[in-house]
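The form predicted alone is given below as one chain in structure tokens.
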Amino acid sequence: MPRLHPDRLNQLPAAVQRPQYDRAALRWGIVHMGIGAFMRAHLAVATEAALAAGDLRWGIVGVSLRQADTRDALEPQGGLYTVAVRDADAQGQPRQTLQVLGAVGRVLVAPESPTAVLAQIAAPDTRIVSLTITEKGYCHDPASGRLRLDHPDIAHDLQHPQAPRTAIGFMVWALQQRFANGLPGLTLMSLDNLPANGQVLQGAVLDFARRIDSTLAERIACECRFPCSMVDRIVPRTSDADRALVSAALGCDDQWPVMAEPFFDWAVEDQFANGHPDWGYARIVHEAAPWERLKLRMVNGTHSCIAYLGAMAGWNTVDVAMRQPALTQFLQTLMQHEIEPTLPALPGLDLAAYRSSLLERFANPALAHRTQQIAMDGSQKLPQRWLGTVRDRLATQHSIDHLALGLAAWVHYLRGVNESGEAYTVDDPHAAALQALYRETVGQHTHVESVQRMLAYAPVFGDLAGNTTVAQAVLPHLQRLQTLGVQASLLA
């Protein structure tokens, strides 16, 4: 089968959407750090629509901060790849629509050529640097939000201006180059699942810059913009079977397609240094915080509950987990009675309808979103997804019973073996410390003092570390999970 390539666009089936604009005329207005599947099914889709409307200033140069796999797959395809939007029809049968995107012109691999990455950010055409680098990519303390100056990669970057490793280091050193060349500042736009993600990014960038030159930090603060944003689309990891199905439908081999649900949401603050594309898919808002809280608590918070309970029960994908009536009832109650009361008012939003549509999205059988994938990096995710809700509930002296089951499931997950006796790797930057703590505490004798010690891990729990009320709420759920299992715990 021939490879997907710009020369073969006209040979694709008629139903496949494809670029109709002159890709040779693109200018590279966006540099995206962390070019993974989510960005290619979200920001790139919105930008593709702006390019199709005729504004060719916004081509995307992707940057892989670690591996060459995306570059190696897309380069022979001239940057083209397919977005397969998947759901099920009224009879429950999977279906998909295909769109080939041309917004990504090339991909740089940072470890291979850091100077090329710096030069691209510093290039005159660049206006926006966007990021999907996951929570841990900010090299910050999730509990306090401050840049970890003791992080080995940050320490390296401060000493190596021509060969940084982190997104923070690349942006600051490239901004220094831009200013030296007489160019203006940039919009630095986080698309990661962090509350106040633009402010977290701004704090990290300025903390780093102050270590170099206070004048540089002041100029970044004055000339750059850091809009907060909320992004929402389920994008599961692409499998070999997905690649085969997409390639068969195209009639040519696409080595790097992405799968996505039909749902697409994006709210981004109107804070841009040098304009932005006409992202028709986006809400350009005055303040993103209410939308961030809605998404982090309702979508990501419940997703993590599904992940830890599902992974322990052996429900390997979200849709399989959602077939369990006890789990769907638990999620309904969690959202309605514990999460929703902590949300700000959003004019025009029907929370009951939002809740119902969210459960339908999770149940989408065409996505096969793996629970183990969502369970990754829990130490980085819990502070944003659960602990803010816990604090709000405790402040008003209301129950955290369902949130406590989620926390108990995360603790239970740290043992590294599911209910069928199958071992798995806990993929988390704090895995070694957390699993050692698990073995020393609740892996030995599960009582309130041991749960308190387990939940006293400050990098995750911050001011909630060792909180007696939280430990007392978690204890009975953890005991049931350890002795009776997930299904019985949900029914208790």
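Quick caveat, the model's predicted, so the values are computed rather than measured. Note that residue numbering begins at 1 and tracks the sequence as displayed.
One more form of this protein should be noted, the form predicted in complex with a small molecule, which is absent from this view; the next part is about it.
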Only one of 250-258, 210-218, 299-307, 178-186 gets a heavy atom within 4.5 Å of the small molecule in the predicted bound form; which is it?
-> 299-307
Please check if Arg86 has a heavy atom lying within 4.5 Å of any heavy atom of the small molecule in the predicted bound form.
-> no
Should Gln120 be classed as touching the small molecule in the predicted bound form when contacts are defined as heavy atoms within 4.5 Å?
-> no
According to a 4.5 angstroms non-hydrogen atom cut-off, is Arg393 in contact with the small molecule in the predicted bound form?
-> no
Heavy atoms within 4.5 Å of the small molecule in the predicted bound form: does Arg233 have any?
-> yes
Could you spot which one of Thr238, Thr166, Asn193, Asn364 gets a heavy atom to within 4.5 Å of the small molecule in the predicted bound form?
-> Asn193
Among the candidate residues Leu387, Ile374, Ile400, Ala288, which is the single one with a non-hydrogen atom no more than 4.5 Å from the small molecule in the predicted bound form?
-> Ile374
